[in-house]
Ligand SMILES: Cc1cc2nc3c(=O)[nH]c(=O)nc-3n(C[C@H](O)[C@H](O)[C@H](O)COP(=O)(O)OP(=O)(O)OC[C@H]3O[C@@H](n4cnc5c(N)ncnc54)[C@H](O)[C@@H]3O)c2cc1C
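Presented below, as structure tokens, is a lone chain in the form predicted alone.
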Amino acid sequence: MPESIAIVGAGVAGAAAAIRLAERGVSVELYEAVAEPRPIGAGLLLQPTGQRVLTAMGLLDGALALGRRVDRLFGDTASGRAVLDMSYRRFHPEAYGLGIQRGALMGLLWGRVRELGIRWHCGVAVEGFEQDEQGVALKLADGAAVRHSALILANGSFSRLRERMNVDQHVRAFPWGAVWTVLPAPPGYPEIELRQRFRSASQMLGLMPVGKTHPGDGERGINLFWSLPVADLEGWQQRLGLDRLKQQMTTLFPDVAPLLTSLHDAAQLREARYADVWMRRWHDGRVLAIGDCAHGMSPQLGQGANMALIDAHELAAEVGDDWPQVFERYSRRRRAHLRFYGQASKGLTPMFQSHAVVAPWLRDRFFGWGGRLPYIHQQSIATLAGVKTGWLWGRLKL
């Protein structure tokens, strides 16, 4: 019986889990359906907790060289009312967020996967699995079957393999998505923090510095996020058109106009869709779900990649001889943290991406002054930093 562990999906969660397990001496095989994996998405915000995981993997210095430090999040309405004004320094003098292009982060992770000699099967799709007391048999798309001691699913919110786990679960496709891109900062364009502009909850534009993809790149990149209902994502290029989309952006936030001069082709924009994933537990015998596959949520809290890195780190901390017990201990270890952020995401997202009227009205009137209260600000930035494990108390310890 082979003692290797199979991981399906080579995104942030899958690659990080492969690295952390290999560093603990576990034999890992990584399966990726795409023949030539490329990072999907634009910019990521790595929180202090995710940065600690990168430090443990020896990758933080590389990330800092490619990314851009973010010390503050500021969001306001089109009328100039401040809604969000959060400073990492008020949470901890040395804390900061790290804006980084997804391609840069994946380059670091995939480079470490290769350095460690992890077996990586590209262009190999896993269509199903069956487990018994001794291991898990994977059914591959070409009809072949391979066996492993255990299986980790890290193939995203819309995973079909997760549905085969004997665990109560439900997935709700989020009715709002976005278009993303990374644009070069034009000459003289001011340095920015994480910047958001809202009109009710039906329009939102976000800007975040994300640095460069490769060390030799000379220009700094800025991630642009534009919120859209999923219904409008379908065929937006024909129905709306790029020029009209850019006009909507500049009408909401005139300061973005110089940045948009380099947006001249709709193909530069990537579409993003999300889902809320809930599971009663994340393990089923010798099978475990991690990352968005286990707890997908909207992007409003900026926790997707962060949670994936933490999942990998916490899983490695539980490594032992009995994989069902390892996975069970992992589920207990992650419960409070993941439950809090799942609940927070569901509660806060309608205030920023929805057709709701009351929720954004309350947001505009209470978030601004409430955020000036020391306790409220401390709790808000602790949530953003990715360390809370409960509404009133509890902090994540890595």
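Counting begins at 1, following the sequence as shown. Every value quoted in this text rests on a predicted model; they were computed, and no experiment measured them.
Although not depicted, the form predicted together with this ligand is the subject of the following passage.
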> Which one, L263, I192, A137, L161, lies within 4.5 Å of this ligand in the model of the complex by heavy atoms?
Replying inline: L161
>> If the cut-off is 4.5 angstroms on heavy atoms, which of these, Y274, W282, F253, F91, is the one near this ligand in the model of the complex?
In response: Y274
>> Using a 4.5 Å heavy atom cut-off, which of 298-306, 67-75, 237-245, 313-321 contacts this ligand in the model of the complex?
In response: 298-306
>> Can you tell me whether F129 touches this ligand? I mean in the model of the complex, with a 4.5 angstroms heavy atom cut-off.
In response: no
>> How about V34 - does it come within 4.5 Å of this ligand in the model of the complex, if we only consider non-hydrogen atoms?
In response: yes
> Do V124 and this ligand share at least one heavy atom pair within 4.5 Å in the model of the complex?
Replying inline: yes
> So, in the model of the complex, is G291 in contact with this ligand at a 4.5 angstroms heavy atom limit?
Replying inline: yes
> Taking heavy atoms and a 4.5 Å limit, what residues of 88-106 are near this ligand in the model of the complex?
Replying inline: R102
